[in-house]
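A lone chain, given as structure tokens: the form predicted alone.
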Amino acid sequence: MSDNLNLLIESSPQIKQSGSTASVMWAVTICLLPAGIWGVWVFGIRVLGVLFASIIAAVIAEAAMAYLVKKNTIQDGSAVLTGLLIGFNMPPSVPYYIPVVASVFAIVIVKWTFGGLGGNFMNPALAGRVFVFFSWTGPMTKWTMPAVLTRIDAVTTASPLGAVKSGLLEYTGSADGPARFLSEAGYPHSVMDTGITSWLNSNFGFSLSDGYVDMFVGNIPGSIGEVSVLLLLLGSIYLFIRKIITWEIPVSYIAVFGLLIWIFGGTRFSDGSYFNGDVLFHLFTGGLFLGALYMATDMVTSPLTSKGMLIYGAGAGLLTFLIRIYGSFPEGVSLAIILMNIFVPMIDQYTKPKRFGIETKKVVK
């Protein structure tokens, strides 16, 4: 054996991917940009101020903490992504100081208190969002009507889920439910929605009601980056191709949530019937797709195994359903994911594969 042979001994894992942390963070950030641009388009230029405030605050907080611990972490893009996700979870009219506080809390308290990137036990952006939601509930539940597609001035209103939860309107899930609900809520009903719906029904035989296209595209009130399900899905395609995210968490999350909505979602209304919940209404309103695709899949705070990911996603879907339908809040995505983050170590413990060469034996007394 040659004396010049050098052996490098490292702890597990020994299998490494070519991608770096920075490449992953910046890829996710870029894939979120279309949904962010849509938020600026439909809610107005002020939205840029909210997004910049949250991102700049996150980067400054990251730089301060990195300076204190003598590390250089700005270039990995994690702070920019955290700030962007916090901005995405803000109402368009929110005061600028709220996303700033949320970003500082996310970076300093949730991320760096536990050792920085890789040490945090819950998603920092969601933790920051929940912190300011309970601290400033009023501004955090004040929504803006989309203005561009309907050529009207932006006005303050309730979100679709908020209107249902507060009892301002009863959404029955009937055949004319979406269009009737949006109309009674005072939401603009776009020509695009009517045109696409009529085209799909006449050419493909879809039994699709007016209103779903507006909700799918993002012509409804909501948080800045959550309203356009279409653009969130399109942005995620690249992440799936690069295997930055895998199918287990989003599919199990959305499938379990949708199944429970279908079975029990209609029981809240006057007829009280089972297997009558409007799945599309609940999928296309609120932050379900933003949470399922971009936040529940966070590598640091999600399980390591495929089996664990399925359990984690199913648990998040169950909790989102319980909070949204039976809880006091119209939305449940943020709380559901944070609660499941807490269970990740236990999920990993019981779903990890057996170590090679080790056999467990029952002790017979």
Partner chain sequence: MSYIGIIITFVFINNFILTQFLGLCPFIGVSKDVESAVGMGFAVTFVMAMASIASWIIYHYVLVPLDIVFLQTISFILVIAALVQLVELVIQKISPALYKALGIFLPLITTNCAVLGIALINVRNDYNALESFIAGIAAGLGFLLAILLMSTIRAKLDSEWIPKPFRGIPIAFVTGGLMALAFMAFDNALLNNLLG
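Positions refer to the first chain, counted from 1. Here the structure is a predicted model, which means the values were calculated and not measured.
Beyond what is shown, the protein has a form predicted together with its partner chain; the following relates to that form.
At a distance threshold of 4.5 angstroms between non-hydrogen atoms, Val251 is out of contact with its partner chain in the predicted bound form. Among residues of the shown chain, Phe105 is one whose heavy atoms approach its partner chain to within 4.5 Å in the predicted bound form. Taking non-hydrogen atoms only, Val110 approaches its partner chain to within 4.5 angstroms in the predicted bound form. The closest heavy atom approach of Ile323 to its partner chain in the predicted bound form falls within 4.5 Å. Stretch 130-138 is the contacting one of 229-237, 79-87, 130-138, 282-290, since its residues have non-hydrogen atoms within 4.5 Å of its partner chain in the predicted bound form. Among Leu51, Ile60, Leu339, Leu310, the residue placing a heavy atom within 4.5 Å of its partner chain in the predicted bound form is Leu339. Residues are counted as partner-facing when one of their heavy atoms sits within 4.5 Å of its partner chain in the predicted bound form; in 90-127 these are Phe105, Ile109, Val110, Trp112, Thr113, Phe114, Gly115, Gly118, Gly119, Asn120, Phe121, Met122, Ala127, in sequence order.
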